[in-house]
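In structure tokens, the next block holds one chain alone, the form predicted on its own.
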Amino acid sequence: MTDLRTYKPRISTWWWTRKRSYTVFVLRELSSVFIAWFVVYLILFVYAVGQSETAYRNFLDWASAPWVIALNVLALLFVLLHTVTWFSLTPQAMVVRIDDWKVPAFHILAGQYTGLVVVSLFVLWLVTL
């Protein structure tokens, strides 16, 4: 019987830190965990609001804990990274043509950031009313 061995090159655990594009890619993939956290946080918030005023106050007390605030700040940074990298990929992933004219990448980016600002201002307006 022959001893069959396959070639397995050694790959460092930190291979993704050697090149900036790899690091951004891994951080962008990691950002999905923090986006999931924001979804869970929002569901908990809506649930507390729907229960009672006491549940809402308990949620606010829990949300004001330093570790929750630190987690939310970290999550916000990752969500911003996710948004910026997603927006920058969009013109490469989709080519918009009007008749025979190819819409420049700058116009696509400007449309996305304008939409982000409009939606953010609308949410801010809803929250501050």
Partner chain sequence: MTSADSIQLRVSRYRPDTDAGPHWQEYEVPLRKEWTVLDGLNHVKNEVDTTLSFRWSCRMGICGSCGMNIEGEPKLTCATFLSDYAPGPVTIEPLANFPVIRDLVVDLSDFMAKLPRVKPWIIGAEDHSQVEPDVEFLQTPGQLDAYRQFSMCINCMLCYAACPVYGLDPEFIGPAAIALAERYDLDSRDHGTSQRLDVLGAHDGVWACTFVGECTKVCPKHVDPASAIQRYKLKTALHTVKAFLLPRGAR
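Bear in mind that the values here come from a model prediction, so they are computed numbers and not experimental data. Residue numbers count along the first chain shown, from 1.
What comes next is about the form predicted in complex with the partner chain, which does not appear here.
With the partner left out here, the partner chain still marks one of 51-59, 67-75, 89-97, 30-38 in the model of the complex; by a 4.5 Å heavy atom cut-off that stretch is 89-97. Interface residue remark: Thr6 is counted as part of the site for the partner chain in the model of the complex, having a heavy atom within 4.5 Å. Of the heavy atoms in Tyr113, none are within 4.5 Å of the partner chain in the model of the complex. Contact check for Arg18: a non-hydrogen atom falls within 4.5 Å of the partner chain in the model of the complex. In the model of the complex, no heavy atom of Phe106 sits within 4.5 Å of the partner chain.
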